[in-house]
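The chain below stands alone and is given in structure tokens; this is the form predicted alone.
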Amino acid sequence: MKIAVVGFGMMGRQIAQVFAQHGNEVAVTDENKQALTTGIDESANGPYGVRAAVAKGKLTQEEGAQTLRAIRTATTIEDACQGANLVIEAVFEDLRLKQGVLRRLEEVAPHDALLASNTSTLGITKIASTLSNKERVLGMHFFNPAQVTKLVEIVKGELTSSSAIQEATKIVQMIGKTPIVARDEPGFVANRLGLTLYMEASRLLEEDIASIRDIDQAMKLGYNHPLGPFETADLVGLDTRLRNLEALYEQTGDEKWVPPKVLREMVNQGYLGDATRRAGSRGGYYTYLGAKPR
């Protein structure tokens, strides 16, 4: 298959690598041309990049080389979308921006190509609302880091066709992931559950019921979660977490999604999450609070 990824930031890079590792031709583009260079380097040398996968025995040397050859940078959306069977929008989580990108994709992508948004919280129906052909638009929500996580949420907008959902399901299975299908409701499934846990963990911390370390330990040892809620937030990115909560609050008006005060303070001060994975970040929860993970 030919895949186009529009937006070569953190998630776009991961998604492109996953498709390339499974034998697909991937064209990537970004309005920030430096992101193309940085993204290719991260796909090769990042913590979940090709060389790390080869070192861990998950890919052979030849498979790693083929993966990197399969990712092509394009300077324009038109070039990236040429001949694509699937176009994935992975730009910044902003409704108007995503709507503008999708309108452009409708103009230049092949008429039979699926148009997918990697949005994590914004409604697919709203994103597609200005398009003429809404039947082929759906959500295809990958999770960070996409090279490792097995889940992909497929989100059905109000006018998404059943055939588009079926095709997307087959594509997700083809790249070794497990799809779930969700109706177009704020937060879909995984983020609605994950953010609920995060908000309750934040209340426990604010009320001084337990330390950040012990809250994380409770979920890791009590429920076998690989990471605690604050460790997960640091991995995902605190600015991303803040935007997700703001989007949910804006869409629902439910005060349970009002972002914690400490989260906003951290982001405003440059604490964007795990500094080893987020360039320019001053650190995450543990750094900000002066706590030590166990």
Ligand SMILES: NC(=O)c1ccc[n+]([C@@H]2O[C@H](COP(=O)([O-])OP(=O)(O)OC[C@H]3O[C@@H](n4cnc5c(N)ncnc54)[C@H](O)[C@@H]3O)[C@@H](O)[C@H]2O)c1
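These figures come from a predicted structure and were not determined experimentally. Note that residue numbering follows the sequence shown and begins at 1.
This next part talks about the form predicted in complex with the named molecule, which is not shown.
- Using a 4.5 angstroms limit between non-hydrogen atoms, residue 268 is distant from the named molecule in the model of the complex.
- Contact between residue 223 and the named molecule in the model of the complex is not found at the 4.5 Å heavy atom cutoff.
- Shown alone here, residue 90 lies within 4.5 Å of the named molecule in the model of the complex, counting heavy atoms only.
- Taking the partner from elsewhere, residue 231 is found to have every heavy atom lying beyond 4.5 Å of the named molecule in the model of the complex.
- With the partner omitted here, the stretch from 140-148, 203-211, 172-180, 105-113 that lies within 4.5 Å of the named molecule by heavy atoms in the model of the complex is 140-148.
- Contacts between 166-192 and the named molecule, taken as any heavy atom within 4.5 Å in the model of the complex, involve no residue at all.
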